[in-house]
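This document starts with one chain, in the form predicted on its own, laid out as structure tokens.
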Amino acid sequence: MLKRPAAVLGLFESPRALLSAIELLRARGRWSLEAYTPYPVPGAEAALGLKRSPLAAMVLIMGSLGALTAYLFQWWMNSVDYPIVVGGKPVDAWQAYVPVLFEVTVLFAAFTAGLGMLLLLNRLPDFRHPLLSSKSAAALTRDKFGLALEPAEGPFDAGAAEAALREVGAEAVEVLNQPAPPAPVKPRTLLLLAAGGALACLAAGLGTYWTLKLFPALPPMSHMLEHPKLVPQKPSAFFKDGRGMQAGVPGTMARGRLPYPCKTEACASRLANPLPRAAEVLRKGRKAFDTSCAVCHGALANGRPLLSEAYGAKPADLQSSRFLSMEDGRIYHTLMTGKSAMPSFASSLTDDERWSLAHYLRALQRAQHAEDEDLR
């Protein structure tokens, strides 16, 4: 088969000689120039007329995309899919996202820089490039500087290109021939590659399975069940008091939960019920009353308990005149602090349940003391 020249390569002793040859040959405009150097030569890109590499912009865009992707994944997971309040902080506290943001940004940027440079910009690997089979390839990786003249437009005159390189000071010139086209891949080869890949995957899977089966815990790996942990109610030598379960920091409170401000009934009488007297509020109040109050005060809040005489206590009649004129704030205060034998319901009823219960008690009282206008 007749060999066709793909380029003519000239070797130069120094970067200065290479840059000078590029300037002289580029002015003639008959060839496309390509330089091969063992290390970056400042000014070579400008001398060859190459445009600025888009790699920096590619890395910036993909790094920003990586940061945005990491943020959205963490925001959705922590704020929407599985929100958990940790230490009283908001579920979308972005400060906790920074380590993952940094790592994913670097991951996207590094892959873009490496794969983008190799596959997109340099179009590597190219195992059939004529330079790889040339005599000058070894010298170009050590201390020589190469300049290749490649076809631009029209027929390529290898003799003229060789003479031009010698004219500008090349110490050695080599004609690089176009490699023969690759032979078509045989079906047998494809089958062998597929079978080899399948066997490799099978061997890796079986090897991993039996390794973990026979050696379940190899340093530094260990089972999660064997990790050191602190069991509730157990002592711990880590803290000075020797207790594993630590009390909250004095003076702190959970987010969104202000402490109850009133210590006396006079203070509580000035509190206004923040909930409207609506059907949904009354339903919530009835549920709270039936759960926490009816067993002692009776279903009608008339002081007749649902318990037997063995109960012995004398709960208050909430239908009496004293309670008819009692402010909602004082009812709320009693539920918060308790009274006489009645315990506090501060921990068992929510804030809205206590205010709803006050509304429902008013409805019970109005039902037992109906006025003329209620009967119309």
Partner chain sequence: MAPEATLSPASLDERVLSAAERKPPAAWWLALAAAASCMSLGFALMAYTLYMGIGAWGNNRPVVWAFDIINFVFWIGIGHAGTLISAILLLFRARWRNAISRTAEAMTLFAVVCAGLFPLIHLGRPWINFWLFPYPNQRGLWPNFRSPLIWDVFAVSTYFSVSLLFWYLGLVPDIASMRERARPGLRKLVLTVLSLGWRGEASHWRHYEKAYLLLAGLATGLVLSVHSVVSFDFAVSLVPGWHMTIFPPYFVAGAIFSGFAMVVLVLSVVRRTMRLEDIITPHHLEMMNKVILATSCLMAYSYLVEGFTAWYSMNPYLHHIFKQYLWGTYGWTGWTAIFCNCLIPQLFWSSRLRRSAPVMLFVAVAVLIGMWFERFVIIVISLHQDFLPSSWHLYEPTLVDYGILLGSFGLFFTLVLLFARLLPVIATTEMKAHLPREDAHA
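Residue numbers count along the first chain shown, from 1. Everything numeric here is computed off the predicted structure, so don't read it as measured data.
This protein has a second form, the form predicted in complex with its partner chain, left out of what is shown; the following refers to that one.
Proximity to its partner chain in the model of the complex, taken as a non-hydrogen atom within 4.5 angstroms, holds for one residue of G205, G169, G244, G114, which is G114. Contact with its partner chain in the model of the complex, judged by any heavy atom within 4.5 Å, is made by just one of E280, E265, D290, D143: D143. Not displayed here, its partner chain is approached by K51 to within 4.5 Å at the level of heavy atoms in the model of the complex. In the model of the complex, its partner chain sits beyond 4.5 Å of every heavy atom of P187. In the model of the complex, V59 approaches its partner chain with a heavy atom inside 4.5 Å. Taking non-hydrogen atoms only, Y97 approaches its partner chain to within 4.5 angstroms in the model of the complex. For the candidate spot formed by P15, Y82 and L107, every residue has a non-hydrogen atom within 4.5 angstroms of its partner chain in the model of the complex. Only one listed stretch (281 to 289, 161 to 169, 197 to 205, 73 to 81) carries heavy atoms within 4.5 Å of its partner chain in the model of the complex, and that stretch is 73 to 81. Interface residues of 175 to 208, taken as those with a heavy atom within 4.5 Å of its partner chain in the model of the complex (partner not displayed), are absent.
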